[in-house]
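Next up: a single chain in structure tokens, the form predicted on its own.
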């Protein structure tokens, strides 16, 4: 099967510092790919290159066989949506207005049609009763679920998630993870940056381990997390699990 998204020998520098080095990987339609690795390894930077929030220096990123630099950013971001760690909702807009803004301004939909689409995705994330609420009236978990609904309103072919539970407490994280799991079950193509190894074990079709801007390993959960012979990956997993569970 031809990959939906292909990265070939990608390099990226920001403020004169080399962030990504000769990165190559592929993402299949309907798959859930999880990017893991130490903080500062380039995971989030890689994610942001996929809809050109970061302009890469060398290499090639192809979406449906087409160089993403030949696609307008507006069109690209309709197809490749993104959910950030810090929600990025507009505080002065209601939940419904947050979700319909791009539908009306980018897709030029009428208000009624935009509301219908927004209501569909708010229902999927169990926030359909909060259309008139403002972000400040919601918990962090609720705000993140609205952010996911907003991204899905444009019906992207790929959803990028940059540590969407990192700023949340365990209960709120659970709410968001349940939402993400439900989207994965519906076949939404997702690329997810996280430190949550258990999420990768239960959700990922493929795991990509990145360190110092390079892809160290890429494969299914068993290959990368369970049977890897790479001592660096083993140590990383042990550190994460110790931090979560401590000594029992």
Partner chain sequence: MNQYKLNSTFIIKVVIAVIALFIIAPDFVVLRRFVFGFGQFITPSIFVLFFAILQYTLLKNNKFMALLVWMLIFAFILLNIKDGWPTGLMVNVVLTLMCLPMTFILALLFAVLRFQSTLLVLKIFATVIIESVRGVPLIGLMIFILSVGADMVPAYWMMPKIITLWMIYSLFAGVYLAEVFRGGFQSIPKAYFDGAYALGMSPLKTYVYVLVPKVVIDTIPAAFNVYIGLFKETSLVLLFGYFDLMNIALNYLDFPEHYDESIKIYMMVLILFWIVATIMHEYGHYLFKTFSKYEAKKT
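Because the structure is predicted, anything quoted here is derived from the model rather than measured. Positions refer to the first chain, counted from 1.
Omitted from view is the form predicted together with the partner chain, to which the following refers.
No member of the trio 174, 180 and 204 reaches the partner chain in the predicted complex with any non-hydrogen atom inside 4.5 Å. Here is the short version: of 60, 53, 197, 221, the single residue with a heavy atom within 4.5 Å of the partner chain in the predicted complex is 53.
The single contact residue among 127, 96, 82, 114, judged by any heavy atom lying within 4.5 Å of the partner chain in the predicted complex, is 82. The closest heavy atom approach of residue 150 to the partner chain in the predicted complex falls within 4.5 Å. Remark: residue 169 does not count among the residues lining the partner chain in the predicted complex, judged by a heavy atom distance of 4.5 Å or less. By the criterion of a heavy atom within 4.5 Å, residue 88 is counted among the residues contacting the partner chain in the predicted complex. The partner chain is not shown here, but in the predicted complex it comes within 4.5 Å of a heavy atom of residue 105. Stretch-level contact analysis of 60-68, 43-51, 26-34, 204-212 against the partner chain in the predicted complex, using heavy atoms and a 4.5 Å limit, identifies 43-51. Within 4.5 angstroms of the partner chain in the predicted complex, the stretch 118-138 places a non-hydrogen atom from each of 134, 136, 137, 138, taken in sequence order.
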